[in-house]
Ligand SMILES: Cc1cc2nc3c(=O)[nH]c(=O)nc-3n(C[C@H](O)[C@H](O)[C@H](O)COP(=O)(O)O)c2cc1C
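Here we start with a single chain on its own, the form predicted on its own, put down as structure tokens.
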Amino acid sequence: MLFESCHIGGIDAVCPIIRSATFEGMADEHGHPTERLVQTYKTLAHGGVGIMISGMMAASSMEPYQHRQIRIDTDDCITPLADMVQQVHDSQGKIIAQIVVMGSAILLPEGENRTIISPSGVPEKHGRTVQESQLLTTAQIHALVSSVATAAQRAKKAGYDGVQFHSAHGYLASKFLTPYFNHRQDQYGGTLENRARFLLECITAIRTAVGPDYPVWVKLNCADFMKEDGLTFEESQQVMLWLADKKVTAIEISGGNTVSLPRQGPIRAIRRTKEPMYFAQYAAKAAALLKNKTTVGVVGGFRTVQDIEQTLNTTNLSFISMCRPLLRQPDLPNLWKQGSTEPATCISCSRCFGADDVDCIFHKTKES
């Protein structure tokens, strides 16, 4: 059953194992795809993944690009992206463009004297570094909504099978949802309805730009897992219902941000926390709530084919996303399809993430 063809979030797929968006750090100096990125996607397609979601793509030139980040903020991005997407399709793969307004410099921003934008100008700590930011004006918010919609339209022109708007992990749409970062006293702050306004306006604009039938996905935190002033699960469920009303095709559930409690962020070391599938219980409840309204899936800590099958068979969840395991084993779905019952060899060390050419540390060791 797991490896039968299926229809997920408006897209036909060979299986419900999704490659969750994974920053690759493989753009050239223009923010266009390199041959290594093309080969990465083709390898995932040949490895049997059902759908792959691209690494986060810059939707607006209002903020700094991240180091070697793919861009989709101008029309000159369409042709190189279309060439890459065509090669993915020729490899029998399906690919979704993840578009993002960062509102953060978690990686290394390109350029000098460029301002990090945020809902309220609240500083953010990344390790020992304090990142200052500039409060967005209402006019700038409206401009960002327009940029996101136009980016989605470019993705459709480039041939992507759908788009996903990144609204989790402390990026800008997530920050608007989170009271810790959102102190605004206008229509974009205060009540949950106001804090969700930016996200919902982006989705409305995207849907208008791409039409009623094009797959529009959202990545959303089930909760922020903060000491105080974080988005709660109850609030997240309400946001999901609003997204379903906006005709979102699928919601991928994650959780946490850069200021979550220790070991409660988006990327967790399973051996340390002894907590695999760390968002599954929240996602299962959300999927039941949204049954017959929109497709729901989950990312985070899945390492065995048995856990994936059990989760899909006993809940209303429609897909399971994976990130780090597919960096180490891009052919993992095919291995399981061929009968292997061995767990993913990923050890959740997270040393795969760096500024350039994101890859499993064991691959890098072999290359050196």
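Remember, it's a predicted structure, so these values are computed and weren't measured experimentally. Residue positions are given as counts along the sequence shown, with the first one as 1.
There is also a form predicted together with the ligand; it is not shown, and the following applies to it.
Proximity to the ligand in the predicted bound form, taken as a non-hydrogen atom within 4.5 angstroms, holds for one residue of Pro325, Pro33, Pro64, Gly48, which is Pro325. Of the listed positions (His166, Arg154, Lys94, Arg71), a single one reaches within 4.5 angstroms of the ligand by any non-hydrogen atom in the predicted bound form, namely His166. With the ligand omitted here, the record of contacts in the predicted bound form names 295-303 of 295-303, 335-343, 310-318, 37-45, defined by a heavy atom within 4.5 Å. In the predicted bound form, no heavy atom of Lys175 sits within 4.5 Å of the ligand. Looking at Gly55, you'd find a heavy atom of it within 4.5 angstroms of the ligand in the predicted bound form. In the predicted bound form, Pro266 approaches the ligand with a heavy atom inside 4.5 Å. In the predicted bound form, the ligand sits beyond 4.5 Å of every heavy atom of Val14. Along 21-52, these residues reach a heavy atom to within 4.5 Å of the ligand in the predicted bound form: Ala21, Thr22, Phe23.
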